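To begin, one chain is listed below as C-alpha coordinates, in the form predicted on its own.
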(Lines give C-alpha, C1' and ligand atoms only; values in the text may rest on other atoms or scores of the structure.)
Protein backbone atom coordinates (compact mmCIF):
# COMPACT_ATOMS: atom_id res chain seq x y z
CA UNK A 1 0.00 0.00 0.00
CA UNK A 2 1.34 3.43 -0.95
CA UNK A 3 1.70 5.86 1.97
CA UNK A 4 -0.52 8.94 2.03
CA UNK A 5 2.53 11.18 2.28
CA UNK A 6 6.00 10.91 0.78
CA UNK A 7 9.07 11.34 2.99
CA UNK A 8 10.75 14.52 1.76
CA UNK A 9 13.81 14.26 3.99
CA UNK A 10 15.06 17.13 6.16
CA UNK A 11 13.61 20.61 5.73
CA UNK A 12 13.83 24.04 7.30
CA UNK A 13 11.51 26.94 7.94
CA UNK A 14 12.92 29.50 5.48
CA UNK A 15 13.23 32.95 7.03
CA UNK A 16 14.36 36.23 5.39
CA UNK A 17 17.75 36.11 7.15
CA UNK A 18 18.70 33.00 5.18
CA UNK A 19 17.05 33.62 1.81
CA UNK A 20 20.27 34.85 0.19
CA UNK A 21 22.04 31.60 1.07
CA UNK A 22 19.35 29.59 -0.69
CA UNK A 23 19.59 31.86 -3.72
CA UNK A 24 23.38 32.06 -3.99
CA UNK A 25 24.69 28.70 -2.73
CA UNK A 26 21.81 26.27 -1.98
CA UNK A 27 22.76 24.21 1.09
CA UNK A 28 22.94 20.43 0.78
CA UNK A 29 21.85 19.90 4.39
CA UNK A 30 18.16 20.31 3.51
CA UNK A 31 15.93 18.78 0.85
CA UNK A 32 12.97 21.16 1.08
CA UNK A 33 11.83 24.40 2.69
CA UNK A 34 8.69 25.57 4.44
CA UNK A 35 7.47 29.17 4.29
CA UNK A 36 4.69 31.08 6.03
CA UNK A 37 1.93 31.18 3.42
CA UNK A 38 0.68 34.69 4.12
CA UNK A 39 4.11 36.24 3.46
CA UNK A 40 3.99 35.18 -0.19
CA UNK A 41 0.33 35.44 -1.23
CA UNK A 42 -0.63 38.12 -3.75
CA UNK A 43 -2.31 41.24 -2.42
CA UNK A 44 -5.57 42.41 -3.90
CA UNK A 45 -4.99 45.02 -6.65
CA UNK A 46 -1.22 44.85 -6.01
CA UNK A 47 -0.29 41.42 -7.32
CA UNK A 48 2.89 39.55 -6.44
CA UNK A 49 5.55 41.09 -4.24
CA UNK A 50 9.34 40.78 -4.10
CA UNK A 51 9.10 37.95 -1.57
CA UNK A 52 7.15 35.84 -4.05
CA UNK A 53 9.73 36.50 -6.76
CA UNK A 54 12.47 35.26 -4.42
CA UNK A 55 10.44 32.19 -3.49
CA UNK A 56 9.90 31.39 -7.17
CA UNK A 57 13.65 31.35 -7.66
CA UNK A 58 14.22 29.16 -4.60
CA UNK A 59 11.44 26.83 -5.79
CA UNK A 60 13.62 25.90 -8.78
CA UNK A 61 16.03 24.13 -6.41
CA UNK A 62 13.82 23.08 -3.49
CA UNK A 63 10.31 21.71 -3.02
CA UNK A 64 8.25 24.18 -0.98
CA UNK A 65 5.72 23.57 1.80
CA UNK A 66 3.19 26.30 2.55
CA UNK A 67 2.38 26.75 6.24
CA UNK A 68 -0.54 29.07 6.94
CA UNK A 69 -1.45 30.95 10.11
CA UNK A 70 -4.68 32.69 9.05
CA UNK A 71 -7.03 30.11 7.56
CA UNK A 72 -9.07 30.43 10.79
CA UNK A 73 -10.43 26.89 10.60
CA UNK A 74 -11.67 26.75 14.18
CA UNK A 75 -13.72 29.95 14.11
CA UNK A 76 -17.49 30.04 13.67
CA UNK A 77 -16.89 32.67 10.96
CA UNK A 78 -17.29 31.43 7.42
CA UNK A 79 -14.09 30.94 5.47
CA UNK A 80 -12.77 34.14 3.89
CA UNK A 81 -13.30 33.76 0.11
CA UNK A 82 -10.66 36.41 -0.68
CA UNK A 83 -8.08 34.58 1.42
CA UNK A 84 -8.93 31.27 -0.27
CA UNK A 85 -8.67 32.83 -3.73
CA UNK A 86 -5.23 34.29 -2.96
CA UNK A 87 -4.12 31.00 -1.42
CA UNK A 88 -5.15 29.08 -4.53
CA UNK A 89 -3.27 31.55 -6.71
CA UNK A 90 -0.11 30.90 -4.68
CA UNK A 91 -0.66 27.14 -4.78
CA UNK A 92 -1.03 27.22 -8.55
CA UNK A 93 2.18 29.21 -8.95
CA UNK A 94 4.42 27.41 -6.46
CA UNK A 95 2.93 23.89 -6.67
CA UNK A 96 3.79 23.14 -3.04
CA UNK A 97 4.49 19.63 -1.82
CA UNK A 98 2.54 20.35 1.39
CA UNK A 99 -0.16 22.82 2.43
CA UNK A 100 -0.83 23.16 6.16
CA UNK A 101 -2.51 25.27 8.80
CA UNK A 102 -3.46 24.97 12.48
CA UNK A 103 -5.99 23.31 14.73
CA UNK A 104 -6.95 26.71 16.08
CA UNK A 105 -8.98 29.85 15.45
CA UNK A 106 -7.46 33.23 14.69
CA UNK A 107 -10.37 35.66 14.53
CA UNK A 108 -14.09 36.34 14.93
CA UNK A 109 -16.65 38.62 13.26
CA UNK A 110 -14.19 39.34 10.49
CA UNK A 111 -11.49 40.58 12.89
CA UNK A 112 -8.08 38.91 12.85
CA UNK A 113 -6.51 38.58 16.30
CA UNK A 114 -3.03 37.54 15.07
CA UNK A 115 -2.78 34.60 17.42
CA UNK A 116 -3.42 30.85 17.32
CA UNK A 117 -6.21 30.45 19.87
CA UNK A 118 -7.30 27.15 21.44
CA UNK A 119 -10.47 25.26 20.60
CA UNK A 120 -12.95 23.80 23.07
CA UNK A 121 -12.90 20.05 22.52
CA UNK A 122 -16.63 19.63 21.99
CA UNK A 123 -18.73 17.92 19.33
CA UNK A 124 -19.93 21.29 18.08
CA UNK A 125 -16.36 22.55 17.57
CA UNK A 126 -15.42 19.23 16.00
CA UNK A 127 -18.25 19.38 13.45
CA UNK A 128 -17.38 22.97 12.60
CA UNK A 129 -13.70 22.38 11.87
CA UNK A 130 -14.34 19.17 9.92
CA UNK A 131 -16.77 21.09 7.71
CA UNK A 132 -14.23 23.90 7.19
CA UNK A 133 -11.36 21.54 6.31
CA UNK A 134 -13.62 19.75 3.85
CA UNK A 135 -14.44 23.08 2.20
CA UNK A 136 -10.76 24.02 1.89
CA UNK A 137 -9.73 20.65 0.48
CA UNK A 138 -12.55 20.69 -2.07
CA UNK A 139 -11.63 24.23 -3.11
CA UNK A 140 -7.92 23.47 -3.48
CA UNK A 141 -8.49 20.02 -4.90
CA UNK A 142 -6.01 18.38 -2.56
CA UNK A 143 -5.46 17.17 1.00
CA UNK A 144 -4.06 19.57 3.60
CA UNK A 145 -2.29 19.02 6.92
CA UNK A 146 -3.46 20.31 10.29
CA UNK A 147 -0.95 21.10 13.05
CA UNK A 148 -1.59 20.06 16.64
CA UNK A 149 -1.48 23.09 18.97
CA UNK A 150 0.60 24.16 21.94
CA UNK A 151 -1.66 25.36 24.76
CA UNK A 152 -1.48 27.26 28.02
CA UNK A 153 -5.01 26.85 29.37
CA UNK A 154 -7.75 24.26 29.19
CA UNK A 155 -11.50 24.73 28.86
CA UNK A 156 -13.69 23.40 31.64
CA UNK A 157 -15.66 20.20 31.02
CA UNK A 158 -14.25 19.16 27.62
CA UNK A 159 -16.23 16.45 25.87
CA UNK A 160 -13.07 14.68 24.69
CA UNK A 161 -9.30 14.91 24.99
CA UNK A 162 -7.19 16.90 22.55
CA UNK A 163 -5.75 13.81 20.93
CA UNK A 164 -9.21 12.23 20.56
CA UNK A 165 -10.48 15.45 18.99
CA UNK A 166 -7.51 15.46 16.64
CA UNK A 167 -8.00 11.80 15.66
CA UNK A 168 -11.63 12.43 14.78
CA UNK A 169 -10.69 15.47 12.68
CA UNK A 170 -8.11 13.45 10.73
CA UNK A 171 -10.55 10.62 10.04
CA UNK A 172 -13.71 12.57 9.26
CA UNK A 173 -12.05 15.31 7.20
CA UNK A 174 -9.64 12.86 5.54
CA UNK A 175 -6.79 15.32 6.08
CA UNK A 176 -3.23 14.84 7.24
CA UNK A 177 -1.37 15.79 10.40
CA UNK A 178 1.52 18.18 10.78
CA UNK A 179 2.87 16.67 13.98
CA UNK A 180 4.63 19.32 16.05
CA UNK A 181 6.77 17.46 18.57
CA UNK A 182 7.68 20.59 20.51
CA UNK A 183 4.00 21.56 20.85
CA UNK A 184 3.23 18.18 22.40
CA UNK A 185 6.07 18.56 24.87
CA UNK A 186 5.14 22.15 25.78
CA UNK A 187 1.49 21.21 26.38
CA UNK A 188 2.45 18.08 28.33
CA UNK A 189 4.47 20.17 30.78
CA UNK A 190 1.80 22.89 31.02
CA UNK A 191 -1.05 20.43 31.60
CA UNK A 192 0.70 17.50 33.23
CA UNK A 193 0.16 14.65 30.76
CA UNK A 194 2.51 12.01 29.35
CA UNK A 195 3.67 13.09 25.86
CA UNK A 196 4.54 9.52 24.86
CA UNK A 197 1.01 8.37 25.63
CA UNK A 198 -0.25 11.21 23.43
CA UNK A 199 2.01 10.07 20.58
CA UNK A 200 0.81 6.48 20.92
CA UNK A 201 -2.71 7.65 20.08
CA UNK A 202 -1.67 9.30 16.81
CA UNK A 203 -2.55 7.39 13.59
CA UNK A 204 0.87 7.15 11.96
CA UNK A 205 -0.43 6.94 8.41
CA UNK A 206 -1.88 10.45 8.80
CA UNK A 207 1.45 12.06 9.76
CA UNK A 208 2.60 13.97 6.70
CA UNK A 209 5.19 16.23 8.30
CA UNK A 210 6.97 16.81 11.61
CA UNK A 211 8.01 20.12 13.19
CA UNK A 212 10.88 20.49 15.63
CA UNK A 213 11.47 23.77 17.46
CA UNK A 214 12.66 25.35 20.67
CA UNK A 215 10.66 26.86 23.52
CA UNK A 216 11.18 29.12 26.52
CA UNK A 217 10.93 27.98 30.13
CA UNK A 218 8.97 30.41 32.33
CA UNK A 219 9.41 28.35 35.49
CA UNK A 220 5.87 27.15 36.03
CA UNK A 221 5.06 26.81 32.32
CA UNK A 222 6.63 26.60 28.86
CA UNK A 223 5.94 28.85 25.88
CA UNK A 224 6.30 27.75 22.27
CA UNK A 225 8.51 30.66 21.19
CA UNK A 226 10.67 29.10 18.44
CA UNK A 227 13.55 31.25 19.67
CA UNK A 228 15.97 28.63 20.97
CA UNK A 229 17.62 25.35 19.98
CA UNK A 230 15.55 22.18 20.24
CA UNK A 231 15.41 20.98 23.84
CA UNK A 232 17.05 17.59 24.61
CA UNK A 233 13.70 16.25 25.84
CA UNK A 234 12.11 17.20 22.52
CA UNK A 235 14.90 15.36 20.70
CA UNK A 236 14.12 12.32 22.86
CA UNK A 237 10.44 12.60 21.98
CA UNK A 238 11.36 12.83 18.30
CA UNK A 239 13.35 9.61 18.63
CA UNK A 240 10.29 8.00 20.15
CA UNK A 241 8.13 9.21 17.24
CA UNK A 242 10.49 7.39 14.87
CA UNK A 243 9.87 4.17 16.76
CA UNK A 244 6.13 4.66 16.36
CA UNK A 245 5.81 6.08 12.85
CA UNK A 246 9.12 5.58 11.08
CA UNK A 247 10.91 8.36 9.21
CA UNK A 248 8.68 11.26 8.17
CA UNK A 249 9.39 14.59 6.47
CA UNK A 250 10.95 16.56 9.33
CA UNK A 251 11.86 20.22 9.55
CA UNK A 252 13.32 22.74 11.97
CA UNK A 253 11.49 25.95 12.88
CA UNK A 254 13.20 29.10 14.16
CA UNK A 255 11.25 32.37 14.24
CA UNK A 256 13.06 34.56 16.77
CA UNK A 257 16.72 35.06 17.73
CA UNK A 258 17.59 33.50 14.40
CA UNK A 259 21.25 32.42 14.38
CA UNK A 260 23.77 32.36 11.55
CA UNK A 261 23.06 29.63 9.02
CA UNK A 262 26.13 27.65 10.12
CA UNK A 263 24.73 27.40 13.64
CA UNK A 264 21.23 26.45 12.51
CA UNK A 265 22.69 23.88 10.15
CA UNK A 266 24.15 21.93 13.08
CA UNK A 267 20.63 21.14 14.29
CA UNK A 268 19.50 20.28 10.77
CA UNK A 269 22.37 17.84 10.37
CA UNK A 270 21.41 16.30 13.71
CA UNK A 271 17.96 15.44 12.30
CA UNK A 272 19.65 13.52 9.51
CA UNK A 273 21.96 11.73 11.94
CA UNK A 274 19.03 10.64 14.12
CA UNK A 275 17.07 9.41 11.10
CA UNK A 276 20.05 7.49 9.69
CA UNK A 277 20.79 5.87 13.04
CA UNK A 278 17.16 4.78 13.29
CA UNK A 279 17.21 3.32 9.77
CA UNK A 280 20.52 1.54 10.40
CA UNK A 281 19.25 0.13 13.70
CA UNK A 282 16.09 -1.17 12.05
CA UNK A 283 18.05 -2.82 9.26
CA UNK A 284 20.33 -4.50 11.78
CA UNK A 285 17.36 -5.72 13.84
CA UNK A 286 15.60 -6.98 10.72
CA UNK A 287 18.69 -8.86 9.57
CA UNK A 288 19.17 -10.42 13.02
CA UNK A 289 15.54 -11.57 13.16
CA UNK A 290 15.79 -13.19 9.72
CA UNK A 291 19.05 -14.95 10.58
CA UNK A 292 17.55 -16.41 13.77
CA UNK A 293 14.21 -17.28 12.19
CA UNK A 294 13.55 -21.06 12.12
CA UNK A 295 12.62 -20.77 8.44
CA UNK A 296 15.73 -18.80 7.49
CA UNK A 297 18.01 -20.34 4.90
CA UNK A 298 21.71 -19.51 4.85
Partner chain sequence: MLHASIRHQQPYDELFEVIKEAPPISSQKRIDIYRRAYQIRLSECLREDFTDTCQKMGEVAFEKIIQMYIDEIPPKTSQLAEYSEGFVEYLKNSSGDVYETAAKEWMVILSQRAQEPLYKLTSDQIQMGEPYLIQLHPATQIKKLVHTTVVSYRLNEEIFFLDVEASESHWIVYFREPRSLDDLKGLIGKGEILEEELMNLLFQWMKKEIIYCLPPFAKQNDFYRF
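Residue numbers count along the first chain shown, from 1. None of these values were measured; they are calculated from a predicted model.
The protein also exists as the form predicted together with the partner chain; that form is not presented, and the subsequent description refers to it.
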Just give me the single entry in 228, 163, 223, 91 that has a non-hydrogen atom within 4.5 angstroms of the partner chain in the predicted bound form. 223
Checking 171, 114, 200, 142 against the partner chain in the predicted bound form, the residue with a non-hydrogen atom inside 4.5 angstroms turns out to be 114
Using a 4.5 Å heavy atom cut-off, which of 264-272, 246-254, 22-30, 46-54 contacts the partner chain in the predicted bound form? 46-54
With a cut-off of 4.5 Å between heavy atoms, is residue 195 one of the residues that contacts the partner chain in the predicted bound form? no
Using a 4.5 Å heavy atom cut-off, state whether residue 239 contacts the partner chain in the predicted bound form. no
With the partner left out of view, is residue 152 within 4.5 angstroms of the partner chain in the predicted bound form by any non-hydrogen atom? yes
Is there a non-hydrogen atom of residue 121 within 4.5 angstroms of a non-hydrogen atom of the partner chain in the predicted bound form? no
Does any residue in 55-89 get within 4.5 Å of the partner chain in the predicted bound form, counting heavy atoms only, and if so which ones? 70, 83, 85, 86, 89
